[in-house]
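There is one chain below, alone, in structure tokens, taken in the form predicted alone.
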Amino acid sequence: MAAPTPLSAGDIEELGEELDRLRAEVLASRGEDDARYIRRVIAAQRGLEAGGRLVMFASLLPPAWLAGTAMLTLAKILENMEIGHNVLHGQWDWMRDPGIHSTTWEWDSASPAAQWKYSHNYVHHTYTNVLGRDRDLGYSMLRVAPEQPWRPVYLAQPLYNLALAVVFEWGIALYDVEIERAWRREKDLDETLSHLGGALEKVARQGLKDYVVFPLLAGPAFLPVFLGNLTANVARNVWAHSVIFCGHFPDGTRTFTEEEIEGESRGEWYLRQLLGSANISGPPALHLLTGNLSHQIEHHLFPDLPSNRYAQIAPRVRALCERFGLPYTTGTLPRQTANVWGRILRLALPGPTRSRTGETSPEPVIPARAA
């Protein structure tokens, strides 16, 4: 897509007002249909998990192992993506249901909910793609933008990114502790140790549940159940890694400097979310399994709106982008995945990066501010 035309301060303000109106419209229209949606998803997820674990107890029979593992994998994906991630964003707090609330939900992930909410909801969503502020930009270990200074360790990033995908929930749990900030004396050591203790406690609970308790309950099927749980967790990790990377790091997304966000207005914040995110196109089932993070652009614009509304508002957001001459980066899952991995491979090397066509990888032009 062609680079956007520069916007005046008035254009940016108008864009912000349009998006504010869209958000207010959705907030005002939330109701029983939305509540019914999330309750049905939770009920389906819990049914899949219970059924998968029960079937897996007969996993000395290969068909039972396959069926049980598939059901548990699907349950874990739904719990993390469409339920846990979105409940912890406060998308369903308006229901005033204490069982589906951001202050009470603890998800099936190695990351303690409270630590993840600070790292993700506050740091990432406030400072999206801002170099030096958004720690999710490469997760402090990957070079995913040419503006990041190259270091020799990045030569190995295709390999350790693959490893990260396999252990994603465990890597994020450690990442949320911010150990590297404590090492640089940017974070209090006692606070870091407290966060580390909380993370290790949650990791232990997750490991005990999936790799000790349920395998022991299976008796002679201990090993098949252990391997089934391991397979479900790895599959969930790889899926979550793919969805998140495709929403943040493909070509077409851009980064920002701390100077660019000084005195940032609401409209400019919206603009940064549009330029820093990417969508994944596909059928409704794909959107459900991604937690509607296939609508990453809409999620970054409105992280507190119910996820089932993103598909509804996506055409209107895209129309606004066309009206203001802004890019709306989207593509199929295979295309976005190949794009992200191509970028990780290119940026593992020092010097200018080049796309598959041999051209220097384009970065979207940020609309200029009026003087």
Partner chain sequence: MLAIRAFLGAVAGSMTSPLRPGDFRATINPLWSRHRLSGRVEEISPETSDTSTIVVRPGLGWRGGLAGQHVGVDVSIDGVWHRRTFSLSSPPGRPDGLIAITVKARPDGAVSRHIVHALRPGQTVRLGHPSGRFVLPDELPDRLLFVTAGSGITPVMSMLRHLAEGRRMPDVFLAHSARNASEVIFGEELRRIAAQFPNVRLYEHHTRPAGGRPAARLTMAALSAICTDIPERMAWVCGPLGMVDDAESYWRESGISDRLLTERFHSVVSPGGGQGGRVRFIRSGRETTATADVSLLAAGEEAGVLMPSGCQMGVCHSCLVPLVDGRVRDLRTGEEYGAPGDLIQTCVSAPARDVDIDL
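Here the structure is a predicted model, which is why all the values come from computation and not from measurement. Numbering follows the first chain given and starts at 1.
Just so it is clear, the following notes concern the form predicted together with its partner chain, a form of the same protein that is not shown.
Legend entry - The unique member of M95, V234, L174, L286 whose heavy atoms fall within 4.5 Å of its partner chain in the predicted complex: Of the candidates M95, V234, L174, L286, M95 is the one lying within 4.5 Å of its partner chain in the predicted complex.
Inset, instruction - Name the residue from S194, S265, T103, T126 that puts a heavy atom within 4.5 Å of its partner chain in the predicted complex. - result: Checking each option against its partner chain in the predicted complex, the one that comes within 4.5 Å is T103.
Legend entry - Candidate stretches 272-280, 177-185, 198-206, 242-250, one within 4.5 Å of its partner chain in the predicted complex by heavy atom: Single hit among the candidates: 198-206.
Inset, instruction - Indicate whether its partner chain has at least one heavy atom within 4.5 Å of a heavy atom of L60 in the predicted complex. - result: No, no contact at 4.5 Å.
Legend entry - in the predicted complex, Y118 touching its partner chain (heavy atom, 4.5 Å): Because no heavy atom of Y118 falls inside 4.5 Å of its partner chain in the predicted complex, the answer is no.
Inset, instruction - With heavy atoms only and a cut-off of 4.5 Å, decide whether G31 touches its partner chain in the predicted complex. - result: G31: contacts its partner chain in the predicted complex.
Inset, instruction - Evaluate D108 for contact with its partner chain in the predicted complex, applying a 4.5 angstroms cut-off between non-hydrogen atoms, and reply yes or no. - result: Yes, contact at 4.5 Å.
Inset, instruction - Check, residue by residue, if A43, R46 and F214 all come within 4.5 Å of its partner chain in the predicted complex, counting heavy atoms only. - result: Verified in the predicted complex; spot residues all in contact, yes.
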